[in-house]
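In the block that follows, a single chain appears as structure tokens, in the form predicted on its own.
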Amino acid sequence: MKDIVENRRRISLAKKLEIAGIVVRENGLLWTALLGVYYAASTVSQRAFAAMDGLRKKKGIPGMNSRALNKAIWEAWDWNAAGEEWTPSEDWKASVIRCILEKHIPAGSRVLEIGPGGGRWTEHLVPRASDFLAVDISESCVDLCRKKFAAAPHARFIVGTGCDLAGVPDASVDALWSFDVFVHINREEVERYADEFRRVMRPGAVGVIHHGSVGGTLGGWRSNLTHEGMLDLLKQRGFSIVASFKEWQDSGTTHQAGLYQDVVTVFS
């Protein structure tokens, strides 16, 4: 069992003691003791997270989402699962490919992927592209993808800085894709990326970005960028929002963009 910490305040102390007696009778002392540890630890962890979030906002510190930390973390990550550890189900991934990737990334286009990681989406983008370029802050990811997609001569992988697209020529991109990347990038860096989108995307080009929506308040190692913040900084640079959604319908099934109210935004 796992509960929500906020719900505990809805029961009085006297009733909690009464409930504890029932728990002991039905589950024994060991299970009850472990429940007590869980209750105490979860309460402390939630309060610690709230305090961390408050300090992050008050002092303008990056939390776990600075460029230096992102580089260190993803360099050290075990990519043996190729990023599929973030795939909730095969049906979900198939729906992302069918309803988002194939719908918005034109076949035969010049594609830029930001943050390929272990190639989780790259394997579906490379065959779709006439020319493919991926930029990642992690050298280990770039090395991995160069080996993994060595048989595709039109696919290139370069190491980036985590805030720009240096090495990508002006007006050279027909379609831009990034998933499970901008959820970890703070607003300051996203603003610099947005300037670069304007530089590298051709007129009529489309971008598909998966990002956070609530400024990291739900955890999940998310950036401080909100849904409204992402839309505003894109609009400020002259982009039109084609779609922006937290969920979508596919054959009667509702799929979520992420576990922490993440969003997929399509812009042109």
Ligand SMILES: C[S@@+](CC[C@H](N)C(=O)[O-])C[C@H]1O[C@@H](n2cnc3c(N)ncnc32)[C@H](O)[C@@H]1O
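Heads up: residue numbers just count along the shown sequence, starting at 1. Since the model is a prediction, treat every value here as computed from it, not as a measurement.
A second form of this protein, the form predicted in complex with this ligand, is not displayed here; the remarks below concern that form.
- For the options F149, F197, W74, F157, the one in contact with this ligand in the predicted complex, meaning a heavy atom within 4.5 Å, is W74.
- Residue in contact with this ligand in the predicted complex (any heavy atom within 4.5 Å), chosen from L133, V96, L144, V181: V181.
- With a 4.5 Å cutoff on heavy atoms, H104 does not count as touching this ligand in the predicted complex; it lies far away.
- Shown alone here, I114 lies within 4.5 Å of this ligand in the predicted complex, counting heavy atoms only.
- Interface membership of R120, defined by any non-hydrogen atom within 4.5 Å of this ligand in the predicted complex, is confirmed.
- Of the heavy atoms in I137, some are within 4.5 Å of this ligand in the predicted complex.
- Every residue in the set N70, W79 and G162 has a non-hydrogen atom no more than 4.5 Å from this ligand in the predicted complex.
- Stretch 81-89 is the contacting one of 104-112, 167-175, 81-89, 149-157, since its residues have non-hydrogen atoms within 4.5 Å of this ligand in the predicted complex.
- Within 4.5 angstroms of this ligand in the predicted complex, the stretch 187-204 places a non-hydrogen atom from Y193 alone.
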